[in-house]
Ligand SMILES: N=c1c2ncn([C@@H]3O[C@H](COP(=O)(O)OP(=O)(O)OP(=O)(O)O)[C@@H](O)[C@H]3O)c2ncn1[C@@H]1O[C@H](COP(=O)(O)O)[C@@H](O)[C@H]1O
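This document opens with one chain alone, in structure tokens, the form predicted on its own.
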């Protein structure tokens, strides 16, 4: 189910990137403003996600961290779209790591 949502969202993001008017589409406006604006939004949403997680730990209420994580994922998908990728590239990378120890995978990155 989650993969279906990501697939549908990536399709919509690509359609808006290609054909939507930046004056009427938030996604098209981000693409029109360029990668730096998209990255600014990713960074902003990452900070908001971190702050919401800290608050959730204290309050026990995860609603805001889920909301902010959705914003972070959304803007990350816009970034990937801008760079010619989509969620499937990230999913493929996660699948590749399934039988790897996280410590081994990190060590392999540091050696390359």
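What you see is a predicted model; the values in this text were computed from it and never measured. Numbering follows the first chain given and starts at 1.
One more form of this protein, predicted in complex with the named molecule, exists but is not displayed; see below.
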Next on the checklist: Is residue 27 part of the interface with the named molecule in the predicted complex - any heavy atom within 4.5 Å?
Outcome noted: yes
Checklist entry - Is residue 55 close to the named molecule in the predicted complex, meaning a heavy atom pair under 4.5 Å apart or at it? => result no
Checklist entry - Looking in the predicted complex, any heavy atom of residue 85 within 4.5 Å of the named molecule? => result no
Next on the checklist: When the contact criterion is heavy atoms within 4.5 Å, does residue 32 count as touching the named molecule in the predicted complex?
Outcome noted: no
Next on the checklist: Do any residues of 26-56 have a non-hydrogen atom within 4.5 angstroms of the named molecule in the predicted complex? If so, which ones, in sequence order?
Outcome noted: 26, 27, 28, 37, 41, 44, 45
